[in-house]
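Quick heads-up: it's one chain on its own, the form predicted alone, in structure tokens.
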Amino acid sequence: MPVSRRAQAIRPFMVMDVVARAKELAASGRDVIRLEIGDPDLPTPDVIKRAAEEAMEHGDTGYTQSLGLPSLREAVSAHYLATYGVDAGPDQVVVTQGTSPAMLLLFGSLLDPGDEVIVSDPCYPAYPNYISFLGGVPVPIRVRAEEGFRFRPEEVRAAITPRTRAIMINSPANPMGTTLEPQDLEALAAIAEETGVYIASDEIYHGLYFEGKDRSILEFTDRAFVLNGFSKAYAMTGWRLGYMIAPPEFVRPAEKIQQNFFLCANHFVQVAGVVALTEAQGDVSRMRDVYDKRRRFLVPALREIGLVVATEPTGAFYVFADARNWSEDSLGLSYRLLEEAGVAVAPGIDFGRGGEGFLRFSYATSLERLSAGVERLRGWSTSA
């Protein structure tokens, strides 16, 4: 029988194909420097691991409520109040198995077939893929490296139609590592209030902002969905724990989707999430300092070997570098660098047409490996 049109249409996540090839090479004995994926090399803080172990010993291994443990929903609410001054009650929080399922809840409860969501180009590829998979229409707006990959408000306003349901933002951003300024969030919030659309804000890289402080879209408007979780700032990618903060009228629809597709997040992981929010902020600060040192090394090092970084990245753990001096085919270039130099990086085309010619470098690895990777790239660029 033929594969469904839905499955045929979805784009591959190209960086995961690079990951697979990098692992094949490593298994064959090659030393591959892994700069392609945003998987922290730092360990999950001990206080979080102990909490999970104690929860399992206590027998917290069954189902929870589909919305999540009340204690975790309360901790999320308290965290947003303490960090941003935002009063998002626990009744607006839906706990999920990472932010990817949260996207399904968000777009599944918001979109009908043909409804539109404005996304940046480039952007994290899961956004347009989720929107399309659910019958929606992603509307890309080009954002420019020299402008910090920030939306121009007039272009966003011009793209809104009667079918527009949301504007998707991500700050700090993947793949760019850049952040939206308060005036950007304020301008987008004003557009949402004027037009009746929502803002969908992916805040998963909050806690990894190196200059100034994180700002949530909820500080500027309540016409917003927030996606967040524990994978990045808490070094918990494999734990699969996230959450969505939603306008009250969308909580029950999201809960019904969760009941049918995921049931709930893992009980003992949710217990550990409470401890992460309440006891691990010092660990987050220490990890942020480590990433910042790596950032301060990698950005000038990439510029020195001929790549262009037009805007200094100030968050997450990525540098999105213009590599058109080397090649305008970012996918082909990424495989050449992997096979010929033993350095794995993410191709810019993975993140949209606006990313073609760029490469994403993750510095979620040690300074020693970053330095070795730069030297390999330097040698490759002079001999290619």
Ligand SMILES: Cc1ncc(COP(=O)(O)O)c(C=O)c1O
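Predicted, not measured: the structure shown is a model, and the values here were computed from it. Quick note: we count residues from 1 along the sequence shown, nothing fancier.
Unshown form predicted together with the named molecule; subsequent notes refer to it.
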{"property": "One stretch from 84-92, 229-237, 246-254, 149-157 that, in the model of the complex, holds residues within 4.5 Å of the named molecule by heavy atom", "result": "229-237"}
{"property": "is_contact(residue 98, the named molecule) in the model of the complex, heavy atom dist at most 4.5 Å", "result": "yes"}
{"property": "is_contact(residue 199, the named molecule) in the model of the complex, heavy atom dist at most 4.5 Å", "result": "no"}
{"property": "Residue 72, heavy atom within 4.5 angstroms of the named molecule in the model of the complex", "result": "no"}
{"property": "Heavy atom of residue 270 within 4.5 Å of the named molecule in the model of the complex", "result": "no"}
{"property": "Sole residue of 205, 220, 80, 107 within 4.5 Å of the named molecule in the model of the complex, by heavy atom", "result": "205"}
{"property": "Heavy atom within 4.5 Å of the named molecule in the model of the complex - the one residue of 120, 170, 178, 258 that qualifies", "result": "170"}
{"property": "Three-residue site 326, 343 and 381 fully in contact with the named molecule in the model of the complex at 4.5 Å by heavy atom", "result": "no"}
{"property": "Residues in 119-138 with any heavy atom within 4.5 Å of the named molecule in the model of the complex", "result": "124, 127"}
